[in-house]
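This document opens with one chain alone, in C-alpha cells, the form predicted on its own.
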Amino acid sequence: MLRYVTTNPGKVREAERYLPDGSVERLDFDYTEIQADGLGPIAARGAREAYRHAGEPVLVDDAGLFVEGLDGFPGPYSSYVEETLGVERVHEIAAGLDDRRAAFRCTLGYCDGEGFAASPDPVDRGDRDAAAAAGPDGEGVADDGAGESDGDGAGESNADGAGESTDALPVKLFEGYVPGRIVAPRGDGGFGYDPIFEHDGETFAEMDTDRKNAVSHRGRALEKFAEWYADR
C-alpha cells in the first residue's frame, strides 16, 4: 500500500485518478519541513522521515508559486507567505512588475526503503555517498547529476540534499509544472493562490475540479510518478 502523506483528502483523490484502485491511502503525519531554496530537498527530507515513521512506501509533495519577476518568490516559502502576507498582497506586489509570468511547481518525493536504478533514473543527490558505500552491484543509489523532462513540464529531477547523512534513504523525485501569470483575484473555487493564478485564460479558482486537476502541477507530477510506479 502506498501512503500519501497529507492532511488534505483532496490530494489523495487526485492521486487516485492516476493510480490503481485501492493502491493509495492517506497518512496524516507531521514531518519536519526544512528551510530550503528549492522544493526537492524539502520533499526528499519529508519522504525519508515519513518512511521511517510508517515503515511502508510513502509519497510526499511540496509545492509553491514561483513568480518570474520576483526571482521565483514566494517559491518554497509559499505557505508561509500566504499565512503572513496573504494572497492579495502577493498580487499587489506582482501588479507593479513588468513581468508577471509565474508558475505553479510541485515536487513529489517517493521512498520505500529500497534503492533505485542508476541513470537515467535520477534520484536525490543526498544519497550519492550511500550509493558508493553500497558497492558496484547497482543497489543503493546512483545519479548522473541531470534531471529529465518529458517536454510538457512534468519531469523527474534531482534535489540538492545537502546536509543529509551518508546513510540517508534513497528518494525518487518527480516534478510537475504549469505556467501562467499573476492577475487580480477572480473566481470562488480552489484555495491558496488559485484566485490570482491564470492559466490559459482562466484562474485556477474559476476552473471546476476536473479541469484544474487535468492541468495542475500536482497532476502532472502524479502522472509521471504513476507511469514509473507501475513498473516499480
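So that there is no doubt, residue numbering starts at 1 and follows the sequence shown. Just so we're clear, the structure is a prediction, and the values are computed from it rather than from any experiment.
The same protein also exists as the form predicted in complex with a small molecule; that form is not shown, yet it is the one meant from here on.
Chemist: With a 4.5 Å heavy atom cut-off, would you call G192 a contact of the small molecule in the model of the complex?
Modeler: So G192 counts as contacting the small molecule.
Chemist: In the model of the complex, is there a heavy atom of the small molecule that lies within 4.5 Å of any heavy atom of K11, even though the partner is absent here?
Modeler: Output for K11 is yes: heavy atoms within 4.5 Å of the small molecule.
Chemist: Might E175 be said to contact the small molecule in the model of the complex, defining contact as any heavy atom within 4.5 Å?
Modeler: It does not: once the small molecule is placed as it appears in the model of the complex, E175 has no heavy atom within 4.5 Å of it.
Chemist: Going by a heavy atom distance of 4.5 Å, is K212 a contact of the small molecule in the model of the complex?
Modeler: It does: once the small molecule is placed as it appears in the model of the complex, K212 has a heavy atom within 4.5 Å of it.
Chemist: Only one of E33, E68, E206, E56 gets a heavy atom within 4.5 Å of the small molecule in the model of the complex. Which one?
Modeler: In short, E33.
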